[in-house]
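A single chain, nothing else alongside it, follows as structure tokens in the form predicted on its own.
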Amino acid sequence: MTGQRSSERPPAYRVDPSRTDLALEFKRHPYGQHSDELQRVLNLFRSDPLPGNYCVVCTRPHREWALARFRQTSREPVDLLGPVFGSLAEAEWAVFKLRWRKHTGQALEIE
């Protein structure tokens, strides 16, 4: 036993930064069933430790969503970072791009 908590271990799966096809797949269809490979990426992104992880907050029902970050626990209010988006899909795409950069070390050049 190494004494490492599961959140401190390096992930077993790594995102290939050349697989922008997966990013495009997510952008086209942010909800619903994804390919197996994209689902692996999303599972990795969504399994990051809570503190500092990005999220989306609805700031005006059905009209406005903002980028935010979790604090240390889920009981604390999130930090609203802005920008504000006119659709949930746009906000989800922004979070996807931030997580992509975090996991690949490379920015997605797809708008």
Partner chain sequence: MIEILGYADRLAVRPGMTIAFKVSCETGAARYRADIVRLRCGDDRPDGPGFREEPVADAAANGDYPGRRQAIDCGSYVRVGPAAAFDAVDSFTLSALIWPTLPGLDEATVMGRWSGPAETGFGYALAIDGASRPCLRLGDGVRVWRLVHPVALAARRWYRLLASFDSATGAASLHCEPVTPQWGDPVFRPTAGRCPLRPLSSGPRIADVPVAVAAHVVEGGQGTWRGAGHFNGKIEAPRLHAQALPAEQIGQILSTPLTGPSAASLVAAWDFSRDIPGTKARDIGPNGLDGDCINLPTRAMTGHAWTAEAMNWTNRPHEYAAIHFHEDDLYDCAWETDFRWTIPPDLKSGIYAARLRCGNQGEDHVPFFVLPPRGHARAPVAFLASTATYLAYANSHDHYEDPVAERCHGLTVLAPADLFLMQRRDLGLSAYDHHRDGSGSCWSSRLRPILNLRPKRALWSLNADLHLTDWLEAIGQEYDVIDDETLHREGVSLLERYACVMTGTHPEYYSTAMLTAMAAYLERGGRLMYLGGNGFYWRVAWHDELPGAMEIRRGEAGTRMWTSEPGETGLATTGEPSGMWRHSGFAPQRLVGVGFISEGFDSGSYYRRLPDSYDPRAGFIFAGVDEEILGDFGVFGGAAALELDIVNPKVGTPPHALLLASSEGHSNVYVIAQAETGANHPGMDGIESPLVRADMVFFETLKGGAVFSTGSIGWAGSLAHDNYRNNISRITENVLRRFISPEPFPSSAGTR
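The model shown is predicted, which means the values in this text are computed figures rather than measured ones. If you superpose the two forms and keep the largest set of C-alpha atoms that fall within 1.5 Å, you have the rigid core. Residue numbers count along the first chain shown, from 1.
The form predicted together with the partner chain is left out here; the points below concern that form.
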Discussion item. I'd like to check something about residue 81: if you look in the model of the complex, is any of its heavy atoms closer than or equal to 4.5 Å to a heavy atom of the partner chain?
Written reply: no
Worksheet item: Quick one: does residue 28 come within 4.5 Å of the partner chain in the model of the complex, counting heavy atoms only?
Response: no
Worksheet entry | Close approach of residue 24 to the partner chain in the model of the complex, 4.5 Å, heavy atom | no
Worksheet entry | Close approach of residue 72 to the partner chain in the model of the complex, 4.5 Å, heavy atom | no
Fill in: Residues within 4.5 Å of the partner chain in the model of the complex, restricted to 42 to 80 and counted by heavy atom
43, 46, 47, 50, 53, 54, 55, 56, 57, 58, 62, 65, 70, 74, 75, 76, 77, 78
Worksheet item: If you line up the core, does residue 77 shift 2 angstroms or more at its C-alpha between the shown form and the other one?
Response: yes
